[in-house]
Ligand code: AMP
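To begin, one chain is listed below as structure tokens, in the form predicted alone.
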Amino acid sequence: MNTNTNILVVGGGGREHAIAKALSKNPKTRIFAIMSRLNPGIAELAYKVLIASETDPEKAKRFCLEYQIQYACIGPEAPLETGVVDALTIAGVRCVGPTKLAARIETDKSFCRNLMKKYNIAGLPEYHIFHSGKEAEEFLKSSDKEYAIKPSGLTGGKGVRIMGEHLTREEACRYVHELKGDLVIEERLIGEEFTLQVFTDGNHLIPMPLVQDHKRAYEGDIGPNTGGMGSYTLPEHKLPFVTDEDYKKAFSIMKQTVASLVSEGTPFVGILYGQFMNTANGPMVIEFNARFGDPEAMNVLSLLTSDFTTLVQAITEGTLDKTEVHFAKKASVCKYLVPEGYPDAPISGGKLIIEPDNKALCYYASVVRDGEYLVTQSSRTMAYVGIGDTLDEAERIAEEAASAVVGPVRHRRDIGTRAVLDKRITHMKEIR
């Protein structure tokens, strides 16, 4: 009799490598994977890999039926938008990931803002939805305020432009004409960003350690936005510029949001990610994501001491309230290596030589194996996560590993440093 638990991981990036690594700690878990390009890290852990489009519901369903896969963890947002969860659910597969309609909390920013307004959820910025660049331009010209301009649909974390930060009013007026489909224009929020991710079975929520991500491409938080250059957590799982009151408010917003989706008839099951701006008036919602963050997944899953397979079962079976979830009381620092030219003109095909002797955890992302080499592709290459009793120790471990890689890649050396954290604390004190 087969006593293994068969779990599918959809996606082939660093986040999905972290999911597979967490699942692999249970010897009775058999990992299956669907990815568009072979991730060498996931391939080493998987029982069977299907190289196919991650957004094809029918292929995912057939794969699960063929191998009697019982559970699935959906990594990226694109398969959620195409209804992979809906197809797998029909096939009897229990999914950590919301249905297509529930995933609109991420995939449709207009839906998200209107939902928050309808259910009077706290943390909602002033916002306006426009159906054309012409309408949006007229609005921008009629106001002297600064705004964040967001395409309503998915942009891989790179479509948002902020006046006063990325662009002038004239550039903003031009930018709104470049966007396809609806767009959302919101008040510009000033403060410090933080991420709160929760496990949810649709009714109960269990929070993960707070994380701070670094979107900007270069040290000192300059340059274009990226999918995320790295992130850190602290041993107490909170951040010093987020008070207990701020934290309670953010968690309450997450609870209200999950409850509102139940009221809409589209319960949210999986990972809900809240991106908050901590302002002078407390946390405001920048956005929600319907899955783990990348890189944030690598921080929290590296610290998870509970069995992830048991957690997958509890999330998908509605028993999260009967499940204990524990994270190591340690700091984590994640640093992403990216190809030269990233994000605007990344150069792929670079050969990397990895120093195997380091204490960091390594997660492969957009990289392929070619004999003894790893070869860069066009997106973020690989990430090193340092774990330590203090932030300084975790940062040192991550930095030593990232700096030892030989080849045409770079990383942000300032992520997780005491200087950057002190700057955040000072900034928060100034605005409050």
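Just so you know, these numbers come straight off a predicted model, no measurement behind them. The first residue of the sequence shown is number 1, and the count goes up from there.
The following text describes the form predicted together with the ligand, which does not appear among the structures shown.
- Residue in contact with the ligand in the predicted complex (any heavy atom within 4.5 Å), chosen from Arg104, Arg188, Lys249, Lys255: Arg188.
- Interface residue among Leu179, Met277, Leu115, Leu303, judged by heavy atoms within 4.5 Å of the ligand in the predicted complex: Met277.
- Heavy atoms within 4.5 Å of the ligand in the predicted complex map, among the stretches 170 to 178, 201 to 209, 143 to 151, 86 to 94, onto 143 to 151 alone.
- Taking the partner from the other structure, the ligand in the predicted complex has a heavy atom within 4.5 Å of a heavy atom of Lys215.
- Contact check for Ile286: a non-hydrogen atom falls within 4.5 Å of the ligand in the predicted complex.
- Contact check for Thr82: every heavy atom lies farther than 4.5 Å from the ligand in the predicted complex.
- Remark: Leu311 does not count among the residues lining the ligand in the predicted complex, judged by a heavy atom distance of 4.5 Å or less.
- Proximity to the ligand in the predicted complex holds for none of Lys330, Glu400 and Thr417, with the criterion being a heavy atom within 4.5 Å.
- Counting a residue when any of its non-hydrogen atoms is within 4.5 Å of the ligand in the predicted complex, there are no hits in 344 to 365.
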